[in-house]
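First, one chain by itself: the form predicted alone, in structure tokens.
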């Protein structure tokens, strides 16, 4: 048991600490990056994380839901850190980034696959940096006046939810982004109240939701299926969201299977287990017949 526990909550950051004899565990939630989505609360095995819809005054835009963590339940396992699409959570041990479930090989890392080709970038620094709705693209070298850019472009991958907006906005081939969370989202406009923009107000990805004939519509290409929109929707069934797949490093773990089921569905976990079974059978056949690996 910890000698001391500390919880601090400000407008900028939520911090939880366990102070032990020789160790110090800390969980930090950056409220500027947190969008109040569903991922961490669904993934937490201890049910320590709650996401609450915020009150709304007439004439104001809807505020993003607020995340809180119960210090009495949290064990600093790092699952929320690993799965946050926006990199808003960090778990440290003695001020060093520490993810116990990764170190024990019982949980996978999501794969953020982002490829950058500076030769395809436009000559405008502003155009490049403005292509990201979260301002995660930085140009750190002078731009060339020639048709071919010589810019050094960096992407803050740990905070990138892989929405693909930059890939679409920039010239073909400049960026290639693969989503790491796949799913389905639909707005049933017949149920959507006239003039309601609650989901649009909280969506962090510009262009994923938009107004069409005074009703909210979806651009599935940009949606990252985080669920912030669903949490604030005032009408049951007006907005449906389902995560179907998460791209991650190989793992064999009951803990991950349980998390995946909470994030997706029993169907999602069944598909993953089926894929693993097929891969295992293929590897077994290769060993028996002496085939080399691909």
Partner chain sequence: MAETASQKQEKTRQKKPKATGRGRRLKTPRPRIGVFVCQCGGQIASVVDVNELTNYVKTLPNVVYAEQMNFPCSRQGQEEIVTAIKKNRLERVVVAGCSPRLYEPTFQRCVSQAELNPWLFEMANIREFASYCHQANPKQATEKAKDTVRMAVAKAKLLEPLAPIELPMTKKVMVIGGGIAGINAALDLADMGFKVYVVEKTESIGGYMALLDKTFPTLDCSICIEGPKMVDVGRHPNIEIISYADVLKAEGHVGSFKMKVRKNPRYVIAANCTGCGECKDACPIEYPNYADMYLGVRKAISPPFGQAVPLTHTINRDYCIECFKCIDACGAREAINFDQKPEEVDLEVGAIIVAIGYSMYNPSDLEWTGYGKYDNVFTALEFERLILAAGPTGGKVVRASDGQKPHSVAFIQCVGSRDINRYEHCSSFCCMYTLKHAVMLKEKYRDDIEVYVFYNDMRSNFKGYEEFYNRAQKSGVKFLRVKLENRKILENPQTKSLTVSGETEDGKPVTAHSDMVVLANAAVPQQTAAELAKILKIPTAPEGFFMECQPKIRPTDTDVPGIFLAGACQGLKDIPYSVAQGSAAAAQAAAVLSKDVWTVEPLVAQVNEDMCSGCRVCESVCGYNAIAVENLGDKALARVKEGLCRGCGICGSACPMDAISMPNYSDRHIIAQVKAVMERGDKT
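Residue numbers count along the first chain shown, from 1. If you're wondering where the values come from, they're calculated on a predicted model, not measured in any experiment.
The discussion below concerns the form predicted together with the partner chain, not included here.
Looking at 46, 56, 33, 50, which is the one with a non-hydrogen atom within 4.5 Å of the partner chain in the predicted bound form? Selected residue: 46.
Between the options 153, 101, 136, 114, which residue brings a heavy atom to within 4.5 Å of the partner chain in the predicted bound form? Checked against the cut-off, the match is 101.
Considering the partner chain in the predicted bound form, find the one stretch among 255-263, 33-41, 59-67, 228-236 with heavy atoms no farther than 4.5 Å from it. Looking at the other structure, the answer is 255-263.
Considering non-hydrogen atoms and a 4.5 Å limit, does the partner chain approach residue 13 in the predicted bound form? The answer is no: residue 13 has no heavy atom within 4.5 Å of the partner chain.
Check residue 105 for me: does it contact the partner chain in the predicted bound form (non-hydrogen atoms, 4.5 angstroms)? Residue 105: contacts the partner chain in the predicted bound form.
Can any non-hydrogen atom of residue 4 be found within 4.5 angstroms of the partner chain in the predicted bound form? Taking the distances in the predicted bound form, the answer for residue 4 is yes, it comes within 4.5 Å of the partner chain.
Proximity of residue 140 to the partner chain in the predicted bound form, heavy atoms at 4.5 Å: Close contact is absent here: in the predicted bound form, residue 140 is far from the partner chain, nothing within 4.5 Å, heavy atoms only.
Select from 21-44 the residues with a non-hydrogen atom within 4.5 Å of the partner chain in the predicted bound form and write them out in sequence order. Heavy-atom contacts to the partner chain in the predicted bound form: 21, 22, 23, 25.
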